[in-house]
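Single chain ahead, by itself, as structure tokens, in the form predicted on its own.
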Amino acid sequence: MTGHRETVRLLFGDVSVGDVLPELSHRVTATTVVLGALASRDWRPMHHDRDFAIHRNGTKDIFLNTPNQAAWFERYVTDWTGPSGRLGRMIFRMNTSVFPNDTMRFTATVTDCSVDEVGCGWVDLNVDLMVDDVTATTCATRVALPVDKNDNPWARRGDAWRP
């Protein structure tokens, strides 16, 4: 089938502390910024009105909002895990803004791998969003991966799901 790509299923045992995830780069455009703000219903003008952002906020341009950055972190992690990975939690700190014409570069390192008392396989990652040589945002994530081919983190509920 043309255009079909087989999905690789990443398992917990495939991952080790110190592993480095493949990099993701994306050139930010004004459309990237505005669509992210619209998708999250963020009507504040610094995310779509360049004149307001520059003259009222004192920034160099419109910039990515918080939910837009969160979505990029989620995409980066779940692109790596594939559909069977389930994001448990994510904490990030924005150090500087991301503007149109910036190229976002996402990198990550596995910092911990553990199986909890109910058998859920957890992988902790430190993720960086870089613009040039500057760390624009840092993010700590915890993602569940299947411990074997019969496990499904998405089926975990209640006491079996403790992110």
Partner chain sequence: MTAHRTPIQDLPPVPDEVIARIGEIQYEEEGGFPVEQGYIWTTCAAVENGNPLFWNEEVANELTDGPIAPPTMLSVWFRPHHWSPGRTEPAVPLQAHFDLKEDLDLPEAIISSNTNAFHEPVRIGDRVRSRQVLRSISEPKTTKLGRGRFWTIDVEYLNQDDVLLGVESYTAFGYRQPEEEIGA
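Predicted model only: the values in this text are computed from it and were never measured. Positions refer to the first chain, counted from 1.
Form predicted together with the partner chain: not shown, discussed below.
By the criterion of a heavy atom within 4.5 Å, Ala30 is excluded from the residues contacting the partner chain in the model of the complex. Looking at His26, you'd find a heavy atom of it within 4.5 angstroms of the partner chain in the model of the complex. Taking the partner from the other structure, the partner chain in the model of the complex has no heavy atom within 4.5 Å of any heavy atom of Thr109. A residue is said to contact a partner when one of its heavy atoms sits within 4.5 Å of a partner heavy atom; Thr135 fails this definition for the partner chain in the model of the complex, lying far away.
Contact annotation for 123 to 159: residues with any non-hydrogen atom within 4.5 angstroms of the partner chain in the model of the complex are Asn152, Trp154, Arg157, listed in sequence order.
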